[in-house]
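Next up: just one chain, as structure tokens, the form predicted on its own.
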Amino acid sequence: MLFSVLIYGSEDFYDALSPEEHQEILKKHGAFHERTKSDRSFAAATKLMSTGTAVTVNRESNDFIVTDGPFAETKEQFMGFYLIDTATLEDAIEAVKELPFENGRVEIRPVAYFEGADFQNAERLVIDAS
């Protein structure tokens, strides 16, 4: 089953980290990457740009209103996500325990539809961002 792993945290917290502290967090993400790649549950990952780059689109009647910023004003921001393909929710929970939780939280949610990869036949979505 395909699960989204939604990562929430504080941009202010991450912006205040030293380069060494930032590297420690990236090591935990690296361990998660390696685990999910080695057991073939990795599907995709992305890190989102800061909320200062976001816009929100709302519809009121026939008008579309575009405002600067994310859709919700909260202390935590949506930082990025992984897609993992595990047999059960319990397997997804076990995998996610490797991610850093020092300042944030992770939401796991099943994905009902995903275009671009045939997960029944173990095809993975690979994007070269270079």
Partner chain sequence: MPSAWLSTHLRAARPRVLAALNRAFGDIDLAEDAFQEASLKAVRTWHPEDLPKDPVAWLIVTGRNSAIDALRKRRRETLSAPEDLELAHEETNPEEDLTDALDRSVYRDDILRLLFTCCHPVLRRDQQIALALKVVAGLTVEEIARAFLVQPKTMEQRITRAKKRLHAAKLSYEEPDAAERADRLSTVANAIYLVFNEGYSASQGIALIKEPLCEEAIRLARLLVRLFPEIPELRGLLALCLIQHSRRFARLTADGQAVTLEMQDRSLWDRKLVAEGTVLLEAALRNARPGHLQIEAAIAATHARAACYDQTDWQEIERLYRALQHIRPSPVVALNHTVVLAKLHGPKFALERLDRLQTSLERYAGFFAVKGSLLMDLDRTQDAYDALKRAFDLAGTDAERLHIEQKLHKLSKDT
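Every value quoted in this text rests on a predicted model; they were computed, and no experiment measured them. Positions refer to the first chain, counted from 1.
Separately, the form predicted in complex with the partner chain exists; it is not shown, and the next lines address it.
K.L.:
Just one of T46, N58, T88, T53 has a heavy atom within 4.5 Å of the partner chain in the model of the complex. Which one?
P.N.:
Going through each option in turn, the one that passes is T53.
K.L.:
At 4.5 Å between heavy atoms, is V111 in contact with the partner chain in the model of the complex?
P.N.:
Flag for V111 set to no.
K.L.:
Any chance I25 has a heavy atom within 4.5 Å of the partner chain in the model of the complex?
P.N.:
Judged by the heavy-atom cut-off of 4.5 Å, I25 is in contact with the partner chain in the model of the complex.
K.L.:
I'd like to know whether G69 contacts the partner chain in the model of the complex, with contact meaning heavy atoms within 4.5 angstroms.
P.N.:
Residue-level check for G69: yes, a contact with the partner chain.
K.L.:
Since only the chain is shown here, I'm wondering whether K97 would be in contact with the partner chain in the model of the complex (any heavy atom pair within 4.5 Å).
P.N.:
K97: no contact with the partner chain in the model of the complex.
K.L.:
Which residues from 1-40 come close to the partner chain in the model of the complex, meaning a heavy atom within 4.5 Å?
P.N.:
E11, D12, F13, D15, A16, L17, E21, E24, I25, in sequence order.
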